[in-house]
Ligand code: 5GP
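Below, in structure tokens: the form predicted alone, a single chain.
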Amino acid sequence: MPPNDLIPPSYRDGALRMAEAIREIDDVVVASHVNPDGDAVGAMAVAGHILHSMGKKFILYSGAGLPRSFSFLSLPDTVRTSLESPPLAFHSALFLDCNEPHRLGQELAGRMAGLAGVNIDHHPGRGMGSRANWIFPQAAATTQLMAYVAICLGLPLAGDIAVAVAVGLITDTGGFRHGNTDADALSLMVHLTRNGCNISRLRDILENDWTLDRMRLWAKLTSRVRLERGGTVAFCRVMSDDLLEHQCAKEDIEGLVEHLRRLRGVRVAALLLEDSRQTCKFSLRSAEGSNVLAAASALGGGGHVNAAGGTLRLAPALAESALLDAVCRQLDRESRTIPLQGN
């Protein structure tokens, strides 16, 4: 199959524009959103390999570092957790899997002015790149977009790049279970597999690496789950003391909100994590037909129709009330029927 045939027609113009934009920048800081997930980490890895192959000067940045669960990924440079005394005076930025400045973290968001920014993301939004934007919510993952950019720049989807793309696709589609799993994503995964990417091995690495402490934490949290709105909403609150008690990190609750969606009759799963005494993070997942993006947006968050989240600058009890109110209001709106009119 000729390489260009790997890029679906609706993606081609955007991929070509981004390839040209990346050719035009140098001294680049590559970053994604705070607390990066598999798609964000995979997209950063692909971007790093692209810039390295082009002989560009760049740094990879994540204020909180990368989750331990993705430490097996091969990166072309060390991921820096601070922009103080960087090895290069960066003049450009490649923002990935994020199109809102505050989600970059305060350190980088405060340095955006004057940077030639290129923004590539699959979340709905306007984009924040001063040089170029490709915001394409139809994509299953930002790594999918980066794969097409790599093809336009003449890089084969093999080796470390293939693994990074596969990690993003696997994690953001929930192992190809979510509604964003379409023919384009599957076609790209078929190509990666044919070029030596071992999906079963990757899923084993990603999913079968639990500690006993994490399993006990989940046992405690699942015992705390309660149903709201007649069993259509599953809710769980995670306190910082829960993590401390079980010697776990925030990444150890990854996947819990999807787990809550398994309950029979649940339309929306809601997870609230105490981040500090006056700040909480929330994650929402929904069945097809229920729009959690609308609920998250009402609280200042974002994401996708069936997977969204955000931050509430409220104490846990108040955050819980606000979150459940927004979710239930959205489900109530969706449940209303408009009477047929006319003859």
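For every residue, the number given is its place in the sequence shown, counted from 1. Predicted, not measured: the structure shown is a model, and the values here were computed from it.
We do not show the form predicted together with guanosine-5'-monophosphate, though everything after this point is about it.
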property	result
Touches guanosine-5'-monophosphate in the predicted complex: Val28 (any heavy atom, 4.5 Å)	no
Partner contact for Ala308 in the predicted complex: guanosine-5'-monophosphate, 4.5 angstroms, heavy atom	yes
is_contact(Glu100, guanosine-5'-monophosphate) in the predicted complex, heavy atom dist at most 4.5 Å	yes
4.5 Å heavy atom contact, Pro316 to guanosine-5'-monophosphate in the predicted complex	no
